[in-house]
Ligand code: HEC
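Listed next as structure tokens is one chain, alone, in the form predicted alone.
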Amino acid sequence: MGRLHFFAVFSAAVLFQFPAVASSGNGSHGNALPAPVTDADYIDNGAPDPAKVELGAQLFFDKILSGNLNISCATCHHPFAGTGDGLSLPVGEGGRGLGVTRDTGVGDDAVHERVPRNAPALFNLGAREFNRLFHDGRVQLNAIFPNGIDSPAGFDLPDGLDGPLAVQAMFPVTSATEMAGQPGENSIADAAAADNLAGSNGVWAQLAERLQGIDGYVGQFVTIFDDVNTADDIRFTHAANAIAAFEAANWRADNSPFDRFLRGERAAMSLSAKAGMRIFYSPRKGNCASCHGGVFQTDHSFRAIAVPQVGPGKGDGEFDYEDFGRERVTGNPMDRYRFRVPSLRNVAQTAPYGHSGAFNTLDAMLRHHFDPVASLYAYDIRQAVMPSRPDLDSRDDRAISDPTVRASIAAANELSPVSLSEREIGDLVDFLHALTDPAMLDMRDDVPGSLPSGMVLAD
């Protein structure tokens, strides 16, 4: 059979076996191929106000939003690290440097602990279906709350937020380990420790006051927002809306080889990637689409897949070093160790993997899925990527070294073992690489040249 004829037959067979769903953006879950992504899948049809996007970029990279003026949103979600930081667990407020070169700081300014969960990638979060955010989904749609969104602020969440992505941007600035700092170090950290987020001298009011004092920001807020006429009208909700617009516009990633294949460009993917696609969507093979179905390769559910618990945890369990995941939001013990199923767009760029960043390579994370319990019991914490400091290192493996905790994580696992050959695994990896949008391979233009605050961009 000639090569071109074989290719045509192979492509047709793939499409025949796995037909696309009727329309995009419907969050379809089954094992069918999704329809191509379109502008309609996104808020504002994927075209936020460019001026708001520019303002959001500046705010995203500006340390003015941190309590001690030493960290920005971009520190843990940098375009040079696939909108993450390249670490298993972030080194938040008090650390120095970017990405895998970041250290834990020195002296009194050193970090008190690692941030408990891996910094998730931010691709495609401007799509309408991304309405549950954070690893445990603690920001989610709920009509009884202001803005129709449930969040850690409950009924104290201010009005005027554009959606879940803007709501998400309200909270890293309130975390002692992420951006606020420790009590006694600054007034924002003190407000955060007192759980004063929305009060007159709360975290958000103090940050808004900082922005009100910077002429280069004030002019932009006045121009962009209809309800801002003077500096005094600026609220942190405006900043959160701008940050969300930046993330939605700049990190829309839907022109991968897989996207182009779905749009009819049959030569966009390699033969091995197409073979991997068949494994991914086959219920009898990988069955990956049972969780990673839909337009963006996620069904937005919460699953327990026995990912090892690395790091300080979230203060759960008898000894406070566990992370109960979704249970922390729902209060339902059946949700213990369940975490949000991530989108797989640009997944090859977003290592390490898992809510705790336990797996440093895509291959290791993939193989964990094939037998999660065996992988959990065989786990070697040395594959985690974190700057070493003796006191922090001593806490990193407490949960995974506790036989009772490890057995509980194993018992909660929801994935059945899968058997694939090495060639099939290789094909599956090739398909996952085909989910990378080439535009996301060079994101240098996402970094603003300067900031109205005058603060330096580099750590």
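Every value quoted in this text rests on a predicted model; they were computed, and no experiment measured them. Note that residue numbering begins at 1 and tracks the sequence as displayed.
One more form of this protein exists, namely the form predicted together with heme C (HEC); it is left out here, but the text below deals with it.
The closest heavy atom approach of Gly311 to heme C (HEC) in the predicted bound form falls outside 4.5 Å. In the predicted bound form, heme C (HEC) sits within 4.5 Å of a heavy atom belonging to Pro120. Contact check for Thr237: no non-hydrogen atom falls within 4.5 Å of heme C (HEC) in the predicted bound form.
Mapping the unseen interface onto this chain, Phe370 counts among the residues with a heavy atom inside 4.5 Å of heme C (HEC) in the predicted bound form. Contact with heme C (HEC) in the predicted bound form holds for none of His112, Gly315 and Gly325, as no heavy atom of theirs lies within 4.5 Å. Figure note: of the listed segments 224-232, 378-386, 255-263, 352-360, the one touching heme C (HEC) in the predicted bound form, with heavy atoms no more than 4.5 Å away, is 352-360. Contact with heme C (HEC) in the predicted bound form, judged by any heavy atom within 4.5 Å, is made by just one of Leu157, Ala245, Cys76, Val295: Cys76. With the partner omitted from this view, the residue of Ala127, Leu211, Met179, Ala191 that lies near heme C (HEC) in the predicted bound form is Met179 [heavy atom within 4.5 Å]. Residues of 71-104 lying near heme C (HEC) in the predicted bound form, listed in sequence order, are Ile71, Ser72, Cys73, Cys76, His77, Pro90, Val91, Gly92, the criterion being any heavy atom within 4.5 Å.
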